[in-house]
Each structure stands twice: as structure tokens, then as C-alpha cells.
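One chain comes next, on its own, written out as C-alpha cells in the form predicted on its own.
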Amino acid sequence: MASGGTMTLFAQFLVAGVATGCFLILATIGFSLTRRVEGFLNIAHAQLIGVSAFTTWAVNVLLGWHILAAAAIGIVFTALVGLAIGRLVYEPIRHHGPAVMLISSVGVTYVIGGIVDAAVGTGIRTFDIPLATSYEFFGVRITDYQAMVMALAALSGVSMALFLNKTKIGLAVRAMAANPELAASRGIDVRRTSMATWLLASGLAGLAGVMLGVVATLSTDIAFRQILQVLAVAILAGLGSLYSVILSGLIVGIAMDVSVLWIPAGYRPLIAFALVIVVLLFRPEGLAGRKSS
């Protein structure tokens, strides 16, 4: 009897871990895409998640709009903010190299965080949406919002794969990720492709921000808490392919939530990076199995 209860509890945390992993997939795909195409770690990507979450909250709660309309506005606004940052901040300093761009992205992170703090203020915020409905299967509960995160992660992964492999701009993005100089020499519009990358990556951060507001309460420091987890997933994936990001997101999410069975929940981020360290000891290039440039 006790064994059955333990298995049910394990299965419950496993489901929660899959939901967490699916959110991390949404949060990391855009980060990894920017890394591959633009060639640097954009730490400010996590702040775009917060921009989307609070924009959606403002339109939904303060203006009284339906959550779907508010979410659409939040995602589009975040995509445009990301594009503006890419063009106005990062493009002029691109020639200084990835280290300077990385440091600049840390500055952008604090600037965005300060703006959000000033605009929103302290306290906890929630979307004006119905309470989650729970469904039980074989003693394991899953909410409709958890299922939504899983479905959106699956849809985003499939859509990204089709976009990168079947569309002209997607193939241009892949060419730039592989070799920007060669891509430019073959007639690819580097500027247009870079703009598409910023819009897509920031839009995905926007989608992650909406889902973060759906499954959790919002505070102005919530974006900072996502940075380390996004980095953990990206590093574990090897900063490489879409499929390795999906796999590493699920691994990190499941490991963090299932670990609660044995250690306090406050150590979940420690589990994420401990997992990264262990994997990198055996696969220094990450799950992608290739070195990142």
C-alpha cells in the first residue's frame, strides 16, 4: 500500500516535471535560436518573458480585455521590443565580438528590470482567468493549464522544425547559424534574416511569458529567476539543435520537480545545474553532441 502511494506521488511529480520542462522549452527555444544566429548569449532574453507577462497582465486586468486578446498583444509587443533591442543595442556593437555583446545583454537585463519595476511596482499579480480545473487519471492529477503548456510546447517545437526546414526565411536562418559569412556571400539578406530571428525568438519569449502568468503568480523579480534555468537548459542542450533543446528542457524540468521527493523545493535550481555539470563531464558538447561556436 505504501509502495503504491509512493509510486502515485512519484507519477504526480513526474507530470509536474513534464509541465515544467515544457515551459522551459518555450522559454529556451528563442534563447538558443538567438545564440546560434547572432552568436552570443542574450541574457536579457529572460527579461522579455517578464515583459510579456506584465504586458498581458496590464491589458487583461487593468484594461479588462479577454485573456486571449491580452496574450496576443503581449506576445506581439514583446516581439517588437526584442527586435528594437536587437537593432538599436546589439547590431551597432556586433563588431566588438560575442563577449562585449554578452556583457551588454546583462546591462539590458537590468535596464528592462528597472523599467518593469518602475511601471508595475511591488506585490503579486495574477491574470484575470478562471481557476485551473484538475483532471485525475489513475490517481494522478493534471490541470488544464498544465496540459495547455504541454500542448503549446509540442506545437511550438513542430512549428519551429517546419519553419526552419520548409520555409525560405527558415533556411536562411539555418544558413546564417551555420556560417554567416558564407550565407551573405550566397546572396542571403543577412539584415532581414537577423530581423526575423529577433522577432521569432522574442515572440517565443512572449509566449513563454503568457504561460508563466497562466500557471504562476507574477512578481517583478520573476524574470531574474528564469535566467539560470534557461541557461541550464541551453547549456545542457549544447547550445545546438532544436531537438536537443526540447530533450534538455524535459530532462531539467523532470529532474527539478521529481527531486522534491527527496530534497527541499528551494534546491530545485541546484538540481538543474548539478545535472548540467554531470552531463557535461561525460559530454562536454552537451546533448547536441557538437561544439558550439
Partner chain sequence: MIWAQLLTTVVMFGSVYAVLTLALNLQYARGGMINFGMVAYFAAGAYAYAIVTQAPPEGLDQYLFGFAAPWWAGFLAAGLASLAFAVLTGWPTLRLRGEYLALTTFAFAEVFHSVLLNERRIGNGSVGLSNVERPDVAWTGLDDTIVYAVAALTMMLATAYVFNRILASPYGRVLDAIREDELAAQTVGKKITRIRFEVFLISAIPVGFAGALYAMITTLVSPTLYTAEVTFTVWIALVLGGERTIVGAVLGTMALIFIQESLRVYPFETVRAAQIAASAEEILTGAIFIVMLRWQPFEKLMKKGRPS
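Just so we're on the same page, rigid core means the largest C-alpha set that superposes within 1.5 Å between forms. These figures come from a predicted structure and were not determined experimentally. Positions refer to the first chain, counted from 1.
Not pictured, yet referred to below: the form predicted in complex with the partner chain.
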Using heavy atoms and a 4.5 Å limit, would one call residue 266 a contact residue for the partner chain in the predicted complex? yes
Please determine whether residue 253 contacts the partner chain in the predicted complex, using a 4.5 Å cut-off between heavy atoms. no
With a cut-off of 4.5 Å between heavy atoms, is residue 110 one of the residues that contacts the partner chain in the predicted complex? yes
Is residue 161 close enough to touch the partner chain in the predicted complex, meaning at least one heavy atom pair within 4.5 Å? no
If you check in the predicted complex, do 35, 104 and 119 all have a non-hydrogen atom within 4.5 Å of the partner chain? yes
Which of these residues, 155, 184, 99, 129, gets a heavy atom within 4.5 Å of the partner chain in the predicted complex? 99
Of these, 93, 84, 151, 215, which has a heavy atom no more than 4.5 Å from the partner chain in the predicted complex? 93
133 to 141, 164 to 172, 194 to 202, 110 to 118: which one contacts the partner chain in the predicted complex at 4.5 Å, heavy atom to heavy atom? 110 to 118
Would you give me the residues of 217 to 231 that have any heavy atom within 4.5 Å of the partner chain in the predicted complex, in order from first to last? 224, 228, 231
Core aligned, does the CA of residue 277 move at least 2 Å between the shown form and the other one? yes
